[in-house]
Structure formats: C-alpha cells, structure tokens
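The chain below stands alone and is given as structure tokens, in the form predicted alone.
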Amino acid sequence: MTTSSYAILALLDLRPWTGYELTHQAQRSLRYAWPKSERLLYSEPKKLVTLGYATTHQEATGNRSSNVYEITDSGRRALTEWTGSRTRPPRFEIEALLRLLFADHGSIDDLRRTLDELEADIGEQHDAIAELMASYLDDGHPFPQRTHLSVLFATFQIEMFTSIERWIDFARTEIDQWPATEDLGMTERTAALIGLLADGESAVSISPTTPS
C-alpha cells in the first residue's frame, strides 16, 4: 500500500465510484496535496480489490458498462490504521526552484521568465482554490459533513500560494540587482540574507537597498 492507495481508499469510503469518477475526483480534490498521474490513479482501485480492501462490480451506463468500486470492512480498518500511523516527511517539487538553483547556466532573462511562469501557475492554482471556496458558499460542499476539513486544507493552500507570490516579488527585486546570474558569490547583500536565514527568520522582508 502506498500513500496513493490510501488516498483512493479514503475516496471510496465516501461512496462507490467508477474508475473514471475516481480519477476525476482525485484530480479535483487531491491534486494540490498529492498530484499523481491518471494512469496511476486508474491502477490503484484494482490493487485495492486484489488486497481485499475494495470490491468491484459492473453497472450499465448508457451503451457501456463501467466498473464500480466499493470499500470493504477490511478497507475501512486499513484506512483507520493509516490515519493513525506516522506521516511521511513533506516533499516539494517545483521545477522553477530547480531552475533557480542552476540559473548560472542561463541568463537573467531566463531566470525572469522562470519566475513569470511560476507566478502564472501559482496564480492559476490560487484562483482555483478561491473559486472552489466560493462554490461552497453558493452551492454547498459535495460532502457537507466534510466541509470543515476541506476548508482547513484550503487555508494551507491559500497561505502557501500567498507566500510563494510574495517570494516571487522578493526574488525579482533581488535579481534586478544582479549584473548576471554567475560568479557573484558572497556579497554584502548575500551575507545579510544569510544572517537572517541562519537565525531561522524570513529574509523576504529585508530591504533590497543593502549594498552588493
């Protein structure tokens, strides 16, 4: 069982789903915390059936038949054990940060474009969460008994997006002071930032007027 397996199992605990519905719901509700490929999401329900944590049967939908998955009592017990177990350490996977780390292989304009793309992507996700919250006010939550969980989850997302957007503004101001992306090394400005970071403090608010 992987974390993705448990995520699908938790969705099955809400109600029975077809494979297509599971994939659509997972991409809609899990993508901001546990993004996975569509191929993987389709394979997980079959794994759960093999393990005895879910059952499957076919239902007619128009001219086609679909596999419908339901959780078993063993699946619910496994889900309860998982929610009480130790979580895995968080992992961040943001290509723009990787590009920044190796920006000395490119130009200032390349780095600026990277930040623009990150800002656009984060802004899109920020707007999507805001629209989702607005839909809860207008139409209610699709699973009303779980509204408090979704909203607390959304507060983390909005805080993260806001922090990233604030950092992008800070990063733009920093690189505007750079003559190039390579060979700057330890400047007075860099030393000032390191001093804050070494104390575990945010460096985003420090004035960019420190000599470089």
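Nothing here was measured: the structure is a model prediction, and the numbers come from that model. Numbers for residues come from their place in the sequence shown, where the first is 1.
Here the subject shifts to the form predicted together with another copy of the chain, a form of this protein not shown in this document.
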| query | finding |
| --- | --- |
| Residue 60 within 4.5 Å of another copy of the chain in the model of the complex, heavy atoms | no |
| Contact test in the model of the complex: residue 21 vs another copy of the chain, heavy atoms, 4.5 Å | no |
| 4.5 Å heavy atom contact, residue 72 to another copy of the chain in the model of the complex | no |
| Contact label in the model of the complex: residue 49 to another copy of the chain, heavy atom within 4.5 Å | no |
| Heavy atom within 4.5 Å of another copy of the chain in the model of the complex - qualifying residues of 1-18 | 3, 7, 10, 11, 13, 14 |
